[in-house]
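Just the one chain here, laid out as C-alpha cells, in the form predicted on its own.
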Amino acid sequence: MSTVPVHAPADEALLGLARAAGDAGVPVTPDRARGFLEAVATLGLGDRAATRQAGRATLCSGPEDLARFDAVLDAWFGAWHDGDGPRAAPSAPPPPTERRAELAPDAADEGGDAEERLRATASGTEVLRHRDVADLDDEERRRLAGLFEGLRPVAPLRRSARHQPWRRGTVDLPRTLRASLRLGGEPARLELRRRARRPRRVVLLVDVSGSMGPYADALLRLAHRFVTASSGPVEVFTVGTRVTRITRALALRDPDRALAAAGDVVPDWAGGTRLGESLRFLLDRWGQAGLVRGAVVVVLSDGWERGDPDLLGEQAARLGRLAHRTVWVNPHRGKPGYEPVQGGVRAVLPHVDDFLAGHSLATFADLVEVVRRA
C-alpha cells in the first residue's frame, strides 16, 4: 500500500495501523489512509473510541470490514496496559510544532512521552509481525497470540449448480414467463440469471512432528483462526505418524482452550514424520467423494520425511488431482539461503500450486490472501 506524507511520528504509527488493516483484508487505499489521519487529528488520538470510529468511517467499505478493523486496532494498541489491570488508551500526541509554544512545559513533555510510546509500540508490533516464531521468548509469544485476531480468513468462492438472479447473464425463462403472466400476458422485461457462488471448503494439514515443534503453537493458532473466523467450511487435520481430525476441538472460541482441546486428542505430538503414509490414509478415507475433493488444501510442513519420498510424491500428485488447489507452507521457505533440498519437499514441489513461507505472522497473512484468491 502506498503511504501518504508523514508529518509526525504519531502519523507513522497510524499509517502502520492502516497497513496492518490492509494485511487483514480491509481495502485500504492511499486516499482512505489520508482521510484516516485527518479524522484522527480532528477527533483526537487520546480517545480510543474516537480512533476506532475514525478508522471505521474512513478505512472500511462494508460490514465485513468493521470486525477486521476492530481486531487489528485492539491488537495494535494492545501493548498499553497497567500491570495486570485493564488496557488503557494511549495519551494524545502533541499538537503541531507551531502550537507547542502555547503549551505549558509539563503538557508538552507529556505529549512527547505519549508520542514516543505510540511510535515505539507501533514499531515493535510491526517488527514482531515479521519475526520468526521459533525465535520468540514467552512474552513475545504471548503478544503474538493477541495479534492473530487480526487475521480474517475469507473462503474462496466456487460456482454452484444453482442459479441466482443477476443484472446480466442468460435469460431466466421461468421468471420472465411469471413476470409476463402478472402483466396479463403482455411482454415483460427479460429476467437474467447466473450461476450462484458458494464458499469452497478449505482443508488444513498441520505437521506436528518433532521437527515442527517450534512452530506448532503458531500453526494451530492459525488453524483456529481459519475454523472460527473463515466465511466458509474448514477442516483441520494433524499429520505425523498418524492422521487426526481436530476440527471440532478448534471450534472452541477461546484459542487457548481450543489448543488445549486439540492437544488432548492428538496422540503423536513431536513424533516422527510419515507424510506419504498420512496423505494416503487421508485420501483413502476423505478423498474421492469426501472433504478433499474440490477443496483448497493447505499443507503446513517442513517436508522432513522419514518414509519413502517416492510414496509422498505419488500421494501429492493424487492430492493435486482431487483438490481444487494445493498450497504447501514451509516455515523454512522464507529464511535466507534456504534451498528445497529435502527429499520430501523435492518430491511434492512438482504437484503443488503454491509453495509459501510460513514462519511469521506476516507470512500467515500472505497465506490467508492466497487462500482467498484460490
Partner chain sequence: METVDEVAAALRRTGYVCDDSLAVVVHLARRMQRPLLLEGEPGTGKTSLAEALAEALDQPLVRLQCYEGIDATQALYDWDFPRQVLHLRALEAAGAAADAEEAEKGLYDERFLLARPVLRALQQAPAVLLVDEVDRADDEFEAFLLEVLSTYQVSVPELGTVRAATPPLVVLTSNRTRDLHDALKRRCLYHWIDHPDLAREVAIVRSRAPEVPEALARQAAEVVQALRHEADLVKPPGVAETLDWARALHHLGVAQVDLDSAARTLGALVKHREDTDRARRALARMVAR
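Treat the numbers as computed from the prediction; the structure is a model and nothing was measured. For clarity, a rigid core is taken as the largest C-alpha set superposing within 1.5 Å between two forms. Residue numbers count along the first chain shown, from 1.
This protein has a second form, the form predicted together with the partner chain, left out of what is shown; the following refers to that one.
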item	value
The partner chain in the predicted complex: contacting segment from 50-58, 305-313, 319-327, 333-341, heavy atom within 4.5 Å	50-58
Distance check, Arg198 to the partner chain in the predicted complex, heavy atom within 4.5 Å	yes
4.5 Å heavy atom contact, Arg245 and the partner chain in the predicted complex	yes
Distance check, Ala67 to the partner chain in the predicted complex, heavy atom within 4.5 Å	no
Leu349 within 4.5 Å of the partner chain in the predicted complex, heavy atoms	no
Site test, Leu43, Arg178 and Leu181 vs the partner chain in the predicted complex, non-hydrogen atom cutoff 4.5 Å	yes
Heavy atom within 4.5 Å of the partner chain in the predicted complex - the one residue of Arg189, Arg253, Arg142, Arg162 that qualifies	Arg162
Rigid core superposed: Arg175 CA moves 2 Å or more between this form and the one not shown	yes
Post core alignment: Asp308 C-alpha displaced by 2 Å or more between this form and the one not shown	no
Phe226 and Ala57, C-alpha gap in the predicted complex relative to this structure (3 Å or more)	farther
Pair Ser360/Val28, Cα separation in the predicted complex versus the displayed form, closer or farther by 3 angstroms or more	farther
